[in-house]
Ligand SMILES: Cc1cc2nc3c(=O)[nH]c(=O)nc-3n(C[C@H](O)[C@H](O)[C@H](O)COP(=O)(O)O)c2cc1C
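Here you get one chain, nothing else, as C-alpha cells; it is the form predicted alone.
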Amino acid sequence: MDTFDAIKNRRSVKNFKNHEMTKNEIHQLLESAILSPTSYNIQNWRFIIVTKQDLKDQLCSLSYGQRQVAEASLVIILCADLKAWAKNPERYWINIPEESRKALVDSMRNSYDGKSELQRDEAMRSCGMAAQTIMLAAKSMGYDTCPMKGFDYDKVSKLINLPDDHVISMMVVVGKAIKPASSRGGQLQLSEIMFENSF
C-alpha cells in the first residue's frame, strides 16, 4: 500500500474479528518498528507483545473493559528503558569509526545524565514515533490498529513485570476490523494550525 494511502486509511478501530496473526507477520511488523528514529540512535523502546488470550483478557479488564484489547490479534505495549543511554551505549554506533563512536557516547552521557525529565520525554518521543510506524506498517499489511492510553498503568506495569528503570508509553492493538471505524470527527483546517517561519 502506498504510504499516503496508509496514512489516509489508518483509523482507530474498536471492533476486531477473531484472527490469528502469524509469527512471521508479527516479526515483520516489529522489524518495521525498530527502524523508527530515536535521538542518538538510542533505540530505547521495548515492545511487549501479547498474543495469549488470557493475558489479553486481563489487559482488557485493566483497560476499563475496552473490548478491542481482548478481541485484537495482537496487543503491543510500548515501553522504554529510561537508562538506555547508560547501558553499553557504544553498541548504538557499532558500524562507525571508534573515534566518532566515543564522541557520540560522551555527548549522549552529557545530555541525559541526571536529567530524569529529559529521559522520560525522550522515552515518550521514541515510543510515539514507533507507534506511528507500527500503525502505518500494519495498515500496509492489511491490518487495523487502535492506539491506547486508557488503561491502569500501574497494574499493567505489574502484570508485565516492568523493570523500575522503564516506563510504559502506550499500547497499540492490531487485528482485522469486524466493522469500520466511525467517521472522522473533523479535521482542523491547515490554515489554522500551520504557521510559516513563526507564529
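Every value quoted in this text rests on a predicted model; they were computed, and no experiment measured them. Each residue number is its position in the shown sequence, starting from 1.
What comes next is about the form predicted together with the named molecule, which is not displayed.
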Next on the checklist: Just checking whether A33 would be counted as a contact of the named molecule in the model of the complex - the rule being heavy atoms within 4.5 angstroms.
Outcome noted: no
Query raised in the report: Taking heavy atoms only, is K149 within 4.5 angstroms of the named molecule in the model of the complex?
Result: yes
Review point. How about S12: is it within 4.5 Å of the named molecule in the model of the complex, going by heavy atoms?
Key: yes
- State yes or no: in the model of the complex, is some non-hydrogen atom of N44 no more than 4.5 angstroms from a non-hydrogen atom of the named molecule? no
Of 24-32, 62-70, 159-167, 49-57, the segment with heavy atoms within 4.5 Å of the named molecule in the model of the complex is residues 62-70
Across 178-193, the residues having a non-hydrogen atom within 4.5 Å of the named molecule in the model of the complex turn out to be R184
